[in-house]
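The chain that follows stands alone, in the form predicted on its own, written as structure tokens.
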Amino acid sequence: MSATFDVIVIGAGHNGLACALDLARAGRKVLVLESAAQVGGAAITRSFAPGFQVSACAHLLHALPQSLLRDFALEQHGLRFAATAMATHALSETGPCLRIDSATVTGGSALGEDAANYGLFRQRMGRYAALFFALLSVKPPRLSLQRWGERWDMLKLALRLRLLGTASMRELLRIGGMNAYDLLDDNFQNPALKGALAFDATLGAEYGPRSPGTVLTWLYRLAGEHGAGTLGLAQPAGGMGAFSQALAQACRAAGVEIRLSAPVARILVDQDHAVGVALASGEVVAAATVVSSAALRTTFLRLLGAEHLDGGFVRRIDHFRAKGLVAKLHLALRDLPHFTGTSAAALGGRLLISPSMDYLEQAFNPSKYREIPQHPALEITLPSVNDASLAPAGQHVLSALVQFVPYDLGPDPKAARAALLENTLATLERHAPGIRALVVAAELLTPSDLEQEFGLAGGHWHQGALAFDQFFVNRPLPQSHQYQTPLPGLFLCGAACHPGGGVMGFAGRNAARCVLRQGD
């Protein structure tokens, strides 16, 4: 047995590192164990072709809270940004693109009153997003509200809700359970604008724009943008791995020990209490507390074992919904492509192919039957435009999120993968004529690939569906919604916990507070 620690954190993704850093700053002796050869989890930078580097899964920061950036002093630990406050451009095959940011929409055609309505609409949604952000940044309370701290947190949330005013409260209650399609149809006329906004409501989820609850998923994204403040949509210099490296450096400066290529084989239990871990190497490490950022099934069924859990709890874990519908495409390009209707400056921003809500819905429909979309919806970035270090001189990297791709590719996965790549390249070619001829190398990661490479349950960004039955006090399960599990000494801190995925760090930081409260 090696040295004893106060806390062992399983997984060096951003939530695991954020948890470890807060614990170390509170005086705990912390060890982080990571099975991969680098920190970051799904937020890493790696090569996919000779000379070409890419953010392999997450490729932009859209929800990084200013509080995390400030509290952890990440810029003092090497974090730099190649671009911040990046605008979104909704592409068209035939005309100028729409330029969309948090306050204005310009360009395109036939905007009419939508240009003025957009600013007012975003102001209203921004008020709801601020309320939602306050919900994300606290641990869910026990519904009995036994502790004064929990009562105070709920009173503050209730006061925020009341300060919205009667009309705004009524409107929030009206739209909260709606689908994005109906909400956007109520407010806008322009198909391209509605398609771009609906894309954000469905990005990373297993829903189409007509699916109930997509206003909830959109508010989740808007809440993240609210927390990011002036940073906005941002690209770290050196890719997402640079963010993770800065966070790891902050951990080490606080005294956290991080071991890479150190997979955990099992969580050790003695007298119904977690007491440490056994590594795949055979080494045993003791700790008073174990915190896991791994997926639920990995933590409970593989590392812990069902024999330590109630049968009903195991059944709930088995039924926890987590099937991602986003694939990732990387292209190495010998030259910079030209997208129809865009300026050179737009290529340093975020490009969307989602020309209408009907287009988006039709891209979603095949996934219900384990089929590949003929015309996928895409979020595209060209990170080498802002950061030339990611590609050889004069060449470029394209990184795209592809929706909607089923986790199960059906009876012939190889053929489905080839069809998906062909359909995606054809979609790109319609918006960037000649791009096929520029491709030097391509890498396509389906949801099952993302699960295998990054440990994302079902290839799902949030390691579990964001829906009312898997949100806040129900996330991941009512028996473990406060990061503590049914086994004393074992906690959770991954994206399967409240508030969910996205590079926010709230799950990790909230979990650290719960561990410290246990110690106190």
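Just so it is clear, the model here is predicted, and its values are computed rather than measured. Residue positions are given as counts along the sequence shown, with the first one as 1.
If you look for the form predicted together with a small molecule, you will not find it shown, but the lines that follow are about it.
With the partner removed from view, the residue among Leu60, Ala467, Ala26, Leu68 that has a non-hydrogen atom within 4.5 Å of the small molecule in the predicted bound form turns out to be Leu60. Contact annotation: of the candidates Leu331, Ala363, Leu450, Ala90, the single residue with a non-hydrogen atom within 4.5 angstroms of the small molecule in the predicted bound form is Leu450. The stretch in contact with the small molecule in the predicted bound form, judged by heavy atoms within 4.5 Å, is 288-296, chosen from 288-296, 104-112, 174-182, 79-87. A residue is said to contact a partner when one of its heavy atoms sits within 4.5 Å of a partner heavy atom; Leu33 meets this definition for the small molecule in the predicted bound form. Taking the partner from the other structure, the small molecule in the predicted bound form has a heavy atom within 4.5 Å of a heavy atom of Gly501. In the predicted bound form, at least one heavy atom of Pro263 sits within 4.5 Å of a heavy atom of the small molecule. At least one heavy atom of Leu303 is located within 4.5 Å of the small molecule in the predicted bound form. Annotation: in the predicted bound form, residues Gly13, Leu456 and Gln463 each come within 4.5 Å of the small molecule through at least one heavy atom.
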